Structure formats: C-alpha cells, structure tokens
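The chain that follows stands alone, in the form predicted on its own, written as structure tokens.
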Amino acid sequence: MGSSVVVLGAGMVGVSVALHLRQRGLDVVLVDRQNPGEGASFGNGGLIQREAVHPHAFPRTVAELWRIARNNSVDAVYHPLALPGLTSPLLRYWWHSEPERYLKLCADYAKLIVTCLDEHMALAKPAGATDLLRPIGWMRLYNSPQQLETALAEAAVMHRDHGVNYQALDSDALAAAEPHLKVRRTGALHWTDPYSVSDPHALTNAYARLFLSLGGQFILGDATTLKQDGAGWRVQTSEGPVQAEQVVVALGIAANKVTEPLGYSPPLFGKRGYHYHFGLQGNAVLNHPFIDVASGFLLAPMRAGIRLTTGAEFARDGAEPTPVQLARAEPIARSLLPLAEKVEDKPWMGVRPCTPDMLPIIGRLPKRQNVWAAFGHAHQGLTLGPTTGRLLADMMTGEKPFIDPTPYRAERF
C-alpha cells in the first residue's frame, strides 16, 4: 500500500479519516476549500447518537405523505422545481424504506452506530476535548399518551436488540428535569446514552489539531482539481500541487463532483438544514437537548446559545437559502422556552449527504485501487466520523477491519 494519502474534505468524517491514517504512520495531507469543520459538521444538533440504530426512513403512510406534500410543515419542505431531479433517488429511498428491507439495513446500520461513543472518546481523550462531550443524552417530548407508549415500546426493542438505554419520564419528572419549559407535556423518552456536544465545530477542530500535532498537514485547496498523476494523484492547493499515492474522498454532498470524472456516480441527494442560536431570558436554563414531537424541530443548549435546528429541506444544488422552516419554528420554540434575541444576524445552512439505502459509502471506489470513499452519512456524519475513520484506515493499511465493511461498499451503487 502507498504510504502517502491526500484526504479531500475536512469535516468530521474527513478529519477522523486523516487522523486515523496518521496514527498508523501514513503521510497524510488533508485538503479542503475552507477550514476544518466549517461545512455540514458545523451546523447540526450536536448529538453523538448512540440511540440512532434506525436511520431516517422515507414516510410510508398516506397520511404522512399527504402532510409533507402540502409543503407547510416544520420538519420537511421542498422546492417544487427541485423535484424532477430528486425523483429517482427519492423513489429508491422509498423502496429501501419498505419494512422488510428497512429492518435488514437497520441491522447493518446499527453495527456502525453502536461503536460511536467509544470511537469518539478514543479521539477526544488525546485531543483534550472530552469536556465537549456531555453525557446527558437527549429527550423526545410527547403530548399524546398513545404516542409516548408506542415510543417506549420501540425503545424497549432497541434496548433488547442493540443495547440502547433510555428512561421514561412522566409529566412531573419532565418538569423537574426541565423546570423552565413553558408547557406541560404528557411525558418524555430520555435517550440516556448519547453525548451532547456543546460546540461541534470546536470538536472537529480539536481532532484536527491532534492530527496536526502528529505530523499531519492541512492545506486549503480545490478538490475538484484532482487528477491522476502516474500511479498516484495530484490536487491543486494554495501551496501548489500536492501529490499522493492514494486519495480519500470525504466531501459529503460534493463527493460526486470528484468521483463522477473517475467513473463513479452514486445517487447522492441532499437534505438541507438550518440553525439559529438564541439567548435565554433571565436565569432560565435548558438542561438537555430535546425534540417536541408535536413541533418537529430540535432545541439544544450550546456554547453559543440555544440552537434551534430544522428538519429537511429538498432543493436544487446551489439554490439560494430559504429558511422558511426556521420562520415557522421560531414562534413555536418561543412558546416552549423563554427565548431571548437571536445571537446571529443570519441563519446557518448546510447540506446532509444522503444515500437511498440510508447507509454510508465506505471503501474502495470500483475499478480504482487507490481511491477510497467516506461519504453519504446523512444525519450522522458527526456521530460516525471516528468510526468511519477507523474502519477505512483498517482497510487502507491491510489490517483486519474492526467491523465487516461489506454493507457499506461503494460497488452497491
């Protein structure tokens, strides 16, 4: 195997891949057009989701499809002009969400998810970043006894099958846990395993600093300039061309811009998301991240304030931001918590890179011995970055992979 690698993409996944390769002694250059952690890794719910053994499936009921089709919800919106270009991947997404197929892919997905806490801690400790990983979990709030009962029954199955831990809270216990909620709810499902990250950008940067301290390099550059150079590869950067024997594509939703010229074009599609930070009035606090199920968005305590994050927006590549979900969510959020003014002048927007079968693409590109993929993590790039880094580094260095990589192979598309 070649000992020099260029990793394209400096989000949580790319940084984790670069770090694991450097820990194994390879010469690694990390390249991105912006500084580490400033893409989709910057704006998310800040959760290392140990409970997320079931990925987000495409809605299957007529009622749910009709609700989304009306295009006036908080959790999912779409640009009508984007639908023709999304028809094929969304139909495949719907096909893979058929219950029997979905259960099979959940088993493969869970094999990655169950490792996430240990793999993050294995990097956070030497990076001096354990203070960013708060072991407080997160909550789903319910105002329907039947919905709460159903959720707890599903949680019990997840505990049995995948070791997911949780706690049921009644209305009084929820009020005690979150005394500044302005509403009463029937109860909550508290996922107790996940880490809540107080600053996702800072966590990615901490891993990047560890990579640099071990002798890795980070250079600003343009991944789309990647060209074959003899038996290796060359990419243009702010410091001139960088050459390497192997290349890893960890570019999230932009991955196809690099892989298509190499003959590989998986059916990636994007789910755009937005966030704002708010202050809290007086001495109010929020102790745990939570989703109010009736409202459809996440509120999470962060260093910068209370982060309000949206669900999914489907739009054409390069379309102007349209943060209508934030506009719909803000008054509802203010009815839940005593929010003060916004911290930022304008909202942040990023794009989650999704695959129709909900599994990331991890492994060698078809017919390319020295090009590797690490993208398509959808909602869980922050969660699965270190796991992906370790798995891909095992494969690239000829070690026995600590997880069977077969379900995530690029050849499936």
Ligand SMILES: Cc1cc2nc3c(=O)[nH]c(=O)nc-3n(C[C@H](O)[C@H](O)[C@H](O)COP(=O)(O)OP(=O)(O)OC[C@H]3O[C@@H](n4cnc5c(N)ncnc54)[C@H](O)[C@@H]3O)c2cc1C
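The structure displayed is predicted, hence computed values, not measured ones. Note that residue numbering begins at 1 and tracks the sequence as displayed.
The form predicted in complex with the ligand is left out here; the points below concern that form.
Note that among 22 to 30, 365 to 373, 348 to 356, 59 to 67, the stretch whose heavy atoms approach the ligand to within 4.5 Å in the model of the complex is 348 to 356. Mapping the unseen interface onto this chain, A223 counts among the residues with a heavy atom inside 4.5 Å of the ligand in the model of the complex.
Proximity of G14 to the ligand in the model of the complex: non-hydrogen atoms within 4.5 Å are present. None of the heavy atoms of T387 is located within 4.5 Å of the ligand in the model of the complex. With a 4.5 Å cutoff on heavy atoms, L132 does not count as touching the ligand in the model of the complex; it lies far away. This chain is displayed alone, yet in the model of the complex one of T115, T237, T309, S198 has a heavy atom within 4.5 Å of the ligand; that residue is T309.
Here is the short version: of A76, A254, A151, A110, the single residue with a heavy atom within 4.5 Å of the ligand in the model of the complex is A254. Against the ligand in the model of the complex, the set A10, Q34 and L47 is in full contact: each member has a heavy atom within 4.5 Å.
Contacts with the ligand in the model of the complex, taken as any heavy atom within 4.5 Å, map within 359 to 386 to H377, A378, H379, Q380, G381, L382, T383.
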